[in-house]
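Presented as structure tokens, the chain that follows is alone, the form predicted on its own.
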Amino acid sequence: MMKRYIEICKPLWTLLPEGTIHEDERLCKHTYTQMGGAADLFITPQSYEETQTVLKFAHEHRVPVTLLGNGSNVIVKDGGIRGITLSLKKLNTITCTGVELVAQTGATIIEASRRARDAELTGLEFACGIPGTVGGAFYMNAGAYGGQIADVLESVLVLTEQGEFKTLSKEEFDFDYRKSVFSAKRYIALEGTFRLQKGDMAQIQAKMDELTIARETKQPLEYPSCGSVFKRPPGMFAGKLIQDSGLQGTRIGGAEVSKKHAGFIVNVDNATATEYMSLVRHVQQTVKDKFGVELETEVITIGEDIEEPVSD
């Protein structure tokens, strides 16, 4: 299947600049967990027009497209990803005008919060430690410490699966807890406009410092991970349920339930995605057996399992 998609996509080499397409790219280099198999084709467009070219080609030739942001809230399975894996990391410009900040979606949301601070704009302090792209923040309605993207995002330029440009207003985002119209309709977000407020730089920096200390003291940032693995059950905390189940320190292969924060599963010894997901399922089953609560994953799982060899 891998070779079939590569052959189908050969014309893209003539449509995109040299160095834009990477064949059989190992995705463990592009994920925070440092796990995952290879992408048939890993494409890094440098403009909106190049992104449109990829999507139109893929739609016309029925090649699947998977969008990969900063790889901070995703698990790529060991079998890798078929078709095209699209990365917008080269689309990372951020500009400020008045109280508006416009960020391309390949930029990190941390850098967007810093640029807002430098322009003395308040409203993005909550994002100062979220390890994802601006686009990833849109898709998941990212939030932390009382703030969320839904509070500050005004409009977003997207490409549809068919390669058509479209601008969405905030009334069309359909934001919910870790959900949005961008993920539901498989839009490729290109840039977003944030409406912020004028603030005092010293106060903004003080708030960012406070949140950074809170994050560093409570989260196991010293190990590769995908961040918080599970959604918060209504009226409860996933980490507390896992901790009370006696699961901290539990390991499967190189994956371990963090001893520092039970809501994190960390890669402590070259874990595979298969080991990681086995531990996720073990945590879910244990919490369900002990408390009757079904933990739902917040992390996104993509790709395919490794095909088992067929014996003669």
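In this text the structure is predicted, and so the values were computed from the model without any measurement. All residue numbers refer to positions in the sequence shown, first residue = 1.
There is also a form predicted together with a small molecule; it is not shown, and the following applies to it.
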Partner-contacting position among M140, L211, A112, L168 - heavy atom within 4.5 Å of the small molecule in the predicted bound form: M140
Contact residue in the predicted bound form, from F230, F173, Y187, F194 (heavy atom within 4.5 Å of the small molecule): Y187
Per-stretch contact check against the small molecule in the predicted bound form, the hit in 230-238, 71-79, 94-102, 160-168 (non-hydrogen atom, 4.5 angstroms): 71-79
Non-hydrogen atom contact Y48 with the small molecule in the predicted bound form at 4.5 angstroms: no
4.5 Å heavy atom contact, F42 and the small molecule in the predicted bound form: no
In the predicted bound form, C226 touching the small molecule (heavy atom, 4.5 Å): yes
Any non-hydrogen atom of L16 within 4.5 angstroms of the small molecule in the predicted bound form: no
